[in-house]
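In structure tokens, one chain follows: the form predicted on its own.
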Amino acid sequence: MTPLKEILTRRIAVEGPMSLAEYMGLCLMHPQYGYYPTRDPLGAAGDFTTAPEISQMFGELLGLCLAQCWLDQGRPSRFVLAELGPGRGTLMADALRAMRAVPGLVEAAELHLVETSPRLRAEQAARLSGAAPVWQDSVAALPEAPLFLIANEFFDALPIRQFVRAGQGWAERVVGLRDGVLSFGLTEPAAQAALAHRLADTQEGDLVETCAPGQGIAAEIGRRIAARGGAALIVDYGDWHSLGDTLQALRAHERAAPLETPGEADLTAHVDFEALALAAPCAHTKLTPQGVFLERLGITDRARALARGLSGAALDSHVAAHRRLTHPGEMGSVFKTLGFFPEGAPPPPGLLT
């Protein structure tokens, strides 16, 4: 039994079942045994690979997208350039390299990284040493200024709750013990004010997920953009509407049982983009598949330009990376992009309203 599994088992034995959100929060962020504080989860040696690690083109295009937003909004002389959950800093390094082609932009930017993992902060510091990054523990800690923000595969790792429709109420899915083993169970059905609107589009036995932390973060981002300008690009897997059990665990690039090795596997769930859009008090774009978004930004032209200097295995790898980011059968349709921007301003390039 892993140390965290033992801690969770003892706690549930004393206090009773815990919500899925509490379980996920402890698995991912426990200061001593949590997943993110204790490891670098990215790449071949980790548990998953994100788009920035696949190709430099991803970060470059997102950087240029925000650069155009900055130009469209009158080139604010001081602004916050932020990334939520920046991983190793790869995406931001690629974005800044592309942004330097726009006169005055990088000089006006104050780089802030919202990251709580000491190990990942060290990686980001090494990769972004020339950009003078400042680290924050939360979006709320960012300076009040125009905000140009990227969140790639950030919202999927926030703790969720799950509710199963039971008549006009909802039974919450919780983590308890069965014969001393971590197991899923259900509470007695009760009314849930936050899910009153879902009674119209669900039926008996349907499972709906909610993510209060994600809605709170979206609200804070939207408040800043509405008040001071800026734009946000949210790229993640999920859909416009939550329906069904999407909780998954990944370990060494393979699916794992979510309750099997707490603290040693990544736990994620699909993002309910509608909930984020409704929480943000600013304008939002239509939800757009990642592949369509990148194609509109010109990824194929960029891929061709980079291919001219490649041959052999390097060229094959480059072609495969382009396909992986854009093809509907790979990341192109599973991952989606949502943009936030001020009312009355042009939407971020590549996204429609």
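Here the structure is a predicted model, which is why all the values come from computation and not from measurement. Note that residue numbering begins at 1 and tracks the sequence as displayed.
This next part talks about the form predicted together with S-adenosyl-L-homocysteine, which is not shown.
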item: Heavy atom within 4.5 Å of S-adenosyl-L-homocysteine in the predicted complex - residue from Glu123, Glu153, Glu110, Glu274; value: Glu153
item: Contacting member of Thr116, Thr187, Gln215, Gln248, with respect to S-adenosyl-L-homocysteine in the predicted complex [4.5 Å, heavy atom]; value: Thr116
item: Triplet Tyr36, Gly85 and Leu158 all within 4.5 Å of S-adenosyl-L-homocysteine in the predicted complex via a heavy atom; value: yes
item: Contact segment among 50-58, 292-300, 318-326, 63-71, judged by heavy atoms lying within 4.5 Å of S-adenosyl-L-homocysteine in the predicted complex; value: 50-58
item: Proximity of Met29 to S-adenosyl-L-homocysteine in the predicted complex, heavy atoms at 4.5 Å; value: yes
